[in-house]
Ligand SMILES: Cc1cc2nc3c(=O)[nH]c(=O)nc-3n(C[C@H](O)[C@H](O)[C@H](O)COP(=O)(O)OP(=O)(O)OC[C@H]3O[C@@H](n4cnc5c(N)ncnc54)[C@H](O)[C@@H]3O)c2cc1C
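There is one chain below, alone, in structure tokens, taken in the form predicted on its own.
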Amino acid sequence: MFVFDKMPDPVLGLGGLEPGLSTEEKAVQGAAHQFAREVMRPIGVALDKMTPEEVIAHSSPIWSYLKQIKDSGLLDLKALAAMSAQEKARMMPLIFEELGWGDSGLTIAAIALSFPAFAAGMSGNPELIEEFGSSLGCWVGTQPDRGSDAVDWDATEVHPGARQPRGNLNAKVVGDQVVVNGQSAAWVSAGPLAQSAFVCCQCDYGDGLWDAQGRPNLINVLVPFDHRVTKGKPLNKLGQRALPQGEIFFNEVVLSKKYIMNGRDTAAGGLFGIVTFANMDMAMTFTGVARAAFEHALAYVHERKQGGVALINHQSVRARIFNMWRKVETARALTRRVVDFNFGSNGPHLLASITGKTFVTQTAVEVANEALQLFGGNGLAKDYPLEKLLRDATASLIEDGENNLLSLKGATWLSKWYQHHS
């Protein structure tokens, strides 16, 4: 048991109930926190007040952010790739939580813009690495008529007797070429800034767009943008306004087969890997959003007076503050468990990432909403941070897979596990 001469004050760090970090981990966490506070928060607030067109303009502060995040080395994909699995499992949650604490939209923008470069690097093809290595990119996975359907790539949730619809964006393999034609959804993260894309869509390999089981045949292909690729207007939306999103049109883009990253037999697995990483990333990032809302509330209830005393002196307020704290700590603990699993000997797996993403994003909404209530009328005002945090968190319930559909996918994996092990 534990014995105290007297009960000391708790020792808490940026990560709350942190059991201990190495000197290097503390340094990286501190650098990420400083960057989030000094760069991301002010730029995120400024972008939130702009029109979508102003966000992507040449004079926009988003370009300063992109340069500074690159120069910081915090999201150096080569450095992360060189780490051991254990090092990634410990370091990534520290970095992404701090960046999410700074601004969730800017965090996701930086990741989305690196997708084609990362895919090219994974291919090992020197020509592709040269072409896409410094290109601002995006990931195209959803379409106007294939939103949640895109997450259910293996069609486990399709209604009996039905099949997923033909996508608005499709590819066709013809000889030694692949032709990409159609349009993406308006929700392509960083699409308005992108110069290339990593496209995941249905593909006709010569025998149609669906396989014998009625599942869509898929392809993952790198697409450099030229005159045959055009963009729609950047999306005007509720939350994460610092993250530019918009539709992309592909007009019979003809590419050689070297641009195919995953063909018929491996494309579903490639998409599985992307969604698994993206959902894990969402859990790490929105742990930071939940923490930001809690910290704003904790500071406010010590400053704001009602009933003749600071709000923190009211028992009901203290109970609500502790409940928020408990939720943030639970979100962080689950996130780190998910990351540990995905980089451990039994992972990675979509079930783990779905578990983290759905719980943490819902928690972020609940904590941000409770924080806004504690701010009272000030919580609704744009001069205070809570209404932005609540809007940003609300977007996360749909982002990278709508939570209810993801939960169905999670339940399907649990059922498969039970049937195989019962």
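Since this is a predicted model, take the numbers as computed values, not measurements. In this text, residue numbers run from 1 along the sequence as written.
As for the form predicted in complex with the named molecule, it is not shown, yet the points below apply to it.
Asks: Identify, from the list Val188, Val328, Ala109, Cys203, the residue with a heavy atom within 4.5 Å of the named molecule in the predicted complex.
Replies: By the 4.5 Å criterion, the partner-contacting residue is Val188.
Asks: So which of Ala395, Ile43, Ile69, Leu372 reaches within 4.5 angstroms of the named molecule in the predicted complex, heavy atom to heavy atom?
Replies: Of Ala395, Ile43, Ile69, Leu372, the residue with a heavy atom within 4.5 Å of the named molecule in the predicted complex is Ala395.
Asks: If the criterion is a non-hydrogen atom within 4.5 angstroms, does every one of Gly141, Gln245 and Glu402 touch the named molecule in the predicted complex?
Replies: The answer is yes; Gly141, Gln245 and Glu402 each reach the named molecule.
Asks: Within 4.5 Å of the named molecule in the predicted complex, counting heavy atoms only, one of 265-273, 74-82, 291-299, 147-155 shows up; tell me which.
Replies: Flagged stretch: 147-155.
Asks: When the contact criterion is heavy atoms within 4.5 Å, does Ser114 count as touching the named molecule in the predicted complex?
Replies: Heavy-atom contact with the named molecule at 4.5 Å: absent for Ser114.
Asks: Within 4.5 Å, heavy atoms only: does Leu408 come near the named molecule in the predicted complex?
Replies: Answer yes; at least one heavy atom of Leu408 falls within 4.5 Å of the named molecule in the predicted complex.
Asks: Can you work out whether Gln240 and the named molecule are in contact in the predicted complex, taking contact to mean some heavy atom pair no more than 4.5 Å apart?
Replies: Close contact exists here: in the predicted complex, Gln240 approaches the named molecule to within 4.5 Å, heavy atoms only.
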